[in-house]
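Coming up, as structure tokens: structure 1 and structure 2, two forms of one and the same protein chain.
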Structure 1
């Protein structure tokens, strides 16, 4: 007994020090074989579709793998009800097993197979057999192997979690350096140049940042850049759109919910504030948050503690908050729709991103950048614009800002199919822009009306076409006095 106990400790040390899954399975296989004192064995893991895959094996023939798989499948089917292993100490007495070709051909005398169970789910099996009369499996072997398998199952699950986390981290790191840094904010204008500088300096602080600007100007892009240039870049960046979800769902998305807090919620869930621990949460369209939720958010920011919906105790998280809105938030405060005290919490610093029409120097570099990106993404040879096409772009007002430019360029690339020069730019029909702001709003108005007419005043579709969100479109319609005749 003493000996068994020690070998279990030794084994658990060994398998818990290996995090690479393949290496771990080999270690488990060797340990199982050595401790039970046999020569042959197979370790199966269950794939998501339920099939069993041999992942490590010692000294077995193909035929044995097939039979071992069948035995494994039948014990796995039984495990749920009985937690059962399979032991046949003397196969000669077992007519069912004797039928199997490998048993006869390879003179297998005794078989032991135990499930690998972690947290109530069976993740695989360990199969061992013996072909020597001197080694017949006993109940003691079963007890040992089952204890061993329980430890191994935990180690395997840990290795899976570790691997998933590692892959995710690698993915995000790659993504981050490719897409989310300040170097990916394309610009020539002084306005954006200064904004990049301010972003870099604010990134190193813990200040909350409120990013304002029309839809499509790059608010989320800047929010990500702040995160990736901050000391928290190894933590997660969790964006959420506060205008898209009903209030009660938004609340549980943000703060989590206890099991049973809602009909149908079958498990405790973590909210984004917990998920973003050590990282950054991005509250997009913050001005659309309902007043009751604004009050709860304020509490969280003041106390630094959150409470899952339906839960009684508090949890602490360390999260940096960046928020964004395309509304005039001071107007929202004045009209009583947004809490002033929350605004001060959120706005440690404000970054305002001017609309694209007010920084026309950015149009051409952005257009070039998007063309190259789409060509690369679609495996097309790189294309360039004709001067006429560029002039057309520069004269346009982009009510949907950079997002609209991106859509226009994407369409132009696709329409130009094989040619390497892009001549045709399909712009929404709009009057050439003049410097007079009155004229500008008139042009925008006509453009919006035209789009609305095209989609029979379906505001959701019009907003899509314009690259705006619906609330922004509605605000613009109000401001420009647009209504259906």
Structure 2
């Protein structure tokens, strides 16, 4: 009885702790041999074509495994197909099996073979034999080994599921690495070429990186490229927009929360810094983070410790931080809206992405890429641009940068209907405002709001498009009661 309990405990440990399929099979084979107390054993698994393949063996010479497969044609194959065990206490008295040369050659006396069954499907067999004595296997051995085999089958199936999931995760990580690699950043301009070189250099370091540039230039694209070219590429990449959430929600999203810390907090939750441990966290629009939260982020960067909301316990985290902003971060520091000490922690290296209007060489290759991708994603016939359409694109200033170019191209594809050539390009028109200090009309208000929304409320860029200086625009916004909700 003690032997039985010990073996069941061993296989239970395998189920709970061993997920590598080869290691698991070896553990199962050892437990079976030791528990039943025989000389030899072979574990067979069924291949997709139905054949049985030996995967683990004990006290079986290489040539004997081949002979064991000969026995499997009559014993193991029968057990696998029927789902019932085979027991022979004195195999020498069985004339059918004694016809096998391997049985005579190796003087096998006793055989016990049980199926490995999971969810009514036989996935393999455990074969044990003895050359020392007849009647080695008792009824208790048969009962035990059947129970043992059922538990082993569960463990094997779980290991296969884990292995499939691991292979799928490895595949998708490879896909992500290729999709977000620097080699897939479409460009012809020298500026982006140099930026890619700089990005590749900093990716292999542990430096924190601050990515600056206008909205729509592709800051997250470069952040992902840094992650997938870094030693942390097997870890998680966790992005969050710091301007999209209220302060208390952003804090719990970043650092986690203890049960009961706030209304609706019904369980302890991990924050992104814990989830991204060993990987990268991307803090987009970092300049919009509130000052109190900036102080807490600074501690994380200095000490590598986070504390969940409502908790007193600090947890260590190993995360690389990449941040981004479309604001002039030095102006934010000067005006007291952003901590200078936090800036130096975040900006181990700054990567500036120039706006699309300053790298017009990239417009055409990006336009071709977006049109082909949109057609492929929507099962449309691939299209090309007429020279007039390309000229129109190259002459536009793209206040929304690459993101706006993508939207314009999508609309152009749809406007072209069934034609294989894109002739018409519908470009938005932004008219400058008159520099009239008394112009506070509703039309002016709507025009300013439209431009601000187009550039995601970047006041400097909006002022450029409206033909105003920044202070004039801010004065009009105050007078017209314009604010970002």
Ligand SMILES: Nc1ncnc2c1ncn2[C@@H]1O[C@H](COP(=O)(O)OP(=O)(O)O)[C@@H](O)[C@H]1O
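We call the rigid core whatever largest set of C-alpha positions still superposes within 1.5 Å between the two forms. Positions refer to the first chain, counted from 1. All figures in this text were calculated on a predicted structure; none of them were measured in a lab.
Remark: structure 2 matches the stated condition (the form predicted alone). With the core superposed, residue 237 shows a C-alpha displacement below 2 Å between the two structures. Fitting the two forms on the rigid core leaves the C-alpha of residue 203 displaced by under 2 angstroms between the two structures.
Superposition on the rigid core between the two structures places the CA atom of residue 408 less than 2 Å from its counterpart. Here the two forms are laid over each other by their core, and the C-alpha of residue 458 is off by 15.1 Å between the two structures.
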